[in-house]
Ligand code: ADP
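Encoded as structure tokens, the following chain is the form predicted on its own, with no partner shown.
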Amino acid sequence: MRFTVLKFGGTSVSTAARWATIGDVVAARRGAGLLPVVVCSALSGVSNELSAAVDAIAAGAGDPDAVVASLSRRHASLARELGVDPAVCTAEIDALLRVLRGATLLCEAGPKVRARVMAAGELLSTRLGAAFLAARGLAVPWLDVREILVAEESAGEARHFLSATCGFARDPAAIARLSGDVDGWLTQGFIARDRGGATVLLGRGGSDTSAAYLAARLGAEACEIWTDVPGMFTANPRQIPGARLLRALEVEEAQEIAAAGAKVLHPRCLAPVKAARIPLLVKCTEHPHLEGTRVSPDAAGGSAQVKAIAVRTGLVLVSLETLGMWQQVGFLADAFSVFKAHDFSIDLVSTSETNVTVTLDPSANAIGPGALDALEAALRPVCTPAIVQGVASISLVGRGIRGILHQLAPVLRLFEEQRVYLVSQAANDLNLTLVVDQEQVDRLVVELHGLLFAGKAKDATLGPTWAELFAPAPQAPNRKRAKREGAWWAAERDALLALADRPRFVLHGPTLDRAAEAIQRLSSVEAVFYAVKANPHPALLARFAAAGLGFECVSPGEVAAVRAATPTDRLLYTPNFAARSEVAAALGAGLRFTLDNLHPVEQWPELFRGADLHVRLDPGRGRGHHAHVRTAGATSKFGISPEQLPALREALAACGARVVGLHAHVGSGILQPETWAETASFLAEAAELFPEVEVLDLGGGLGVPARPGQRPLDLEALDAALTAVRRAWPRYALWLEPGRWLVSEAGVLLARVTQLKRKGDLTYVGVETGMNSLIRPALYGAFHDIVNLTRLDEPLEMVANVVGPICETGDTLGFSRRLPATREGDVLLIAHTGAYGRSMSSWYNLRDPAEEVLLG
């Protein structure tokens, strides 16, 4: 029997549409004479929910009935979409409830319990999938993968149950077991059993690894990894739409790209297919017709070249300094034994005569509270240690890097003004890695990618860009127009062209109105305060006041701008590191004040006497589209950390102030609706210390999709999540502070083309304004859609970098953009500039930034 193994991840099994694709793929493989073995993950988000349930048990706060009821509702909802009986999940639901109740009763949340609980996600999803495929007439029986995959013995209970490994030698018994008269088999990823029959997990990336184990054991023709992106790319395509599809890779290259930070494949899945000489294919469930990436077990050689840029963030750098290490026998052994004793796996290493510097990757290390302090103390007898957090690695991956170092010289000049903590050239000659400050990574990667890949011709390795894959085909004009019909600026094209006699930001009034109406339809939220810093245009402020929104201000200037535009008193004042005089003026004016630090209330208590305050807390972990907008965690300057709350209570009591509201904001550009429910839960728990709290202010950060293929924030899911919070803590009102979400889509920047330039394979299109008007691409590496408004309906015929007139290399508004045949005088439109466009502009180079006007 000729097998093929197909793995489908969480997003690929969470909707009826994706299951229909799975059914089509199974039928196609069977029609080609292959017997498909389908390996499925849990529904998207379920594993996190189950893990949180075990954490709650460990904290003595478990509610097994609520957890199981939530999971049961979600799987029943999908069952109805699939047209199958939800009762197919009953046995697994009942088993999960028994395990959770028992664990809660015994306060038992160890690795063995965690493994059994988390296995439920895969067992439930595959029960639904098997019933669906059967209803489609496919004979694809449900298979418990624990019958096939048996874990090897591991040292330590946690590793044994939570990060198990299995053998992957060819298994004649398994081949015989699955060689039946069927259309395929449906089974689980992520789980296996030990020799005693207990359930174990295969750790992070376990579903990919499960598929690779099964492919090797069955001697499969191929191992197919179906995911939410159409292959591996030269960079993260959700950050860089100009990223190129990698059509073919050697196993070692794919492993380096995955290990260096790419999330498409887990590195552990490649060893089994390499050993069995099985090709691995990366395909996209949402777009099954796209070619994807083929990872070949045959080392084909080929010319030396960089094939990808991979990034890992959140790394920890540990520097070991001592004059005594030079030519000292055993220094590294002594130092590294300390890391081993503290259960740290070292990642990158760089050495000199007096220093060894290493990195720790949090994805491979559990870096709990106090763990780094304990490591530093243990290292002191051996050396002088220094620990730096908030760094990131940028890896240039490809075969034969040493042979092309001279070609990389122009590329490496980008790091001239960066603090480079470590440089590592891999011993296998497959990557060159630099460790830098994390806040610089997004911008550097955008510029690196432009230098390395922009303008390169397609070949057997480099395929189309992400933008090309998802752009309307030139030969399908109706489809292209349909895409533009959803954008307000397409309907207002003539009016916009008339306004383009000079660089202009244009705001669209009806789009602002629709956004305000949409956010106020959230039944779970009592009040919405617009974050004025996103855009303080007077007409916009007046419009939002008329729509019933309040205003969140961070400076006296913003307060003045709001009061000049509208007489509203619905103001929140949330300054950060403000001077005493500013705090005194705000409190004296009776503004609703948010305290962001202990210093003011401890050092200036007389200002706060008898005041009702909101307090901004730091949940400890930030989120968002760039390091500069993640506003929580130790490296963020915002908020009061939870361990400071006793001191806060004491200081407030001393001056007779009351806390009536708690506030947290974790970052910007967030598209996961559960984020604000998590923030609300954090604040509700903290509110137990402040009995007079009435309001939980969840901040803003609602994400706006800007790149091709990005899904918008699901407001209904956000409302449902916050409604659950209201039910759990009905005494608190919930507030939101959106900024960018309300105004981004409503704004565009218009600029005329001034010149075109060709340099080698690169084409540059210059426009009359740049980073002086829109600094977000240079500052954050932010993506903004760019279209030629003059030639909106013409075919896309060129790829170009769109640049401005500012005397800075970073003055690039967009890399590798597909445009029609563009000419001098054409008007380019840069979308999603309603937020942080004009409000962040400058007069750099003494060039006037674009003015801003309201249309409609």
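In this text, residue numbers run from 1 along the sequence as written. Computed from a predicted structure; not experimentally measured.
Missing here is the form predicted in complex with the named molecule; even so, the following discussion is about that form.
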| query | finding |
| --- | --- |
| Region of this chain that lies against the named molecule in the predicted bound form, out of 502 to 510, 658 to 666, 234 to 242, 572 to 580 [heavy atom, 4.5 Å] | 234 to 242 |
| Partner contact for C223 in the predicted bound form: the named molecule, 4.5 angstroms, heavy atom | no |
| Heavy atom of D228 within 4.5 Å of the named molecule in the predicted bound form | yes |
| Heavy atom of A262 within 4.5 Å of the named molecule in the predicted bound form | yes |
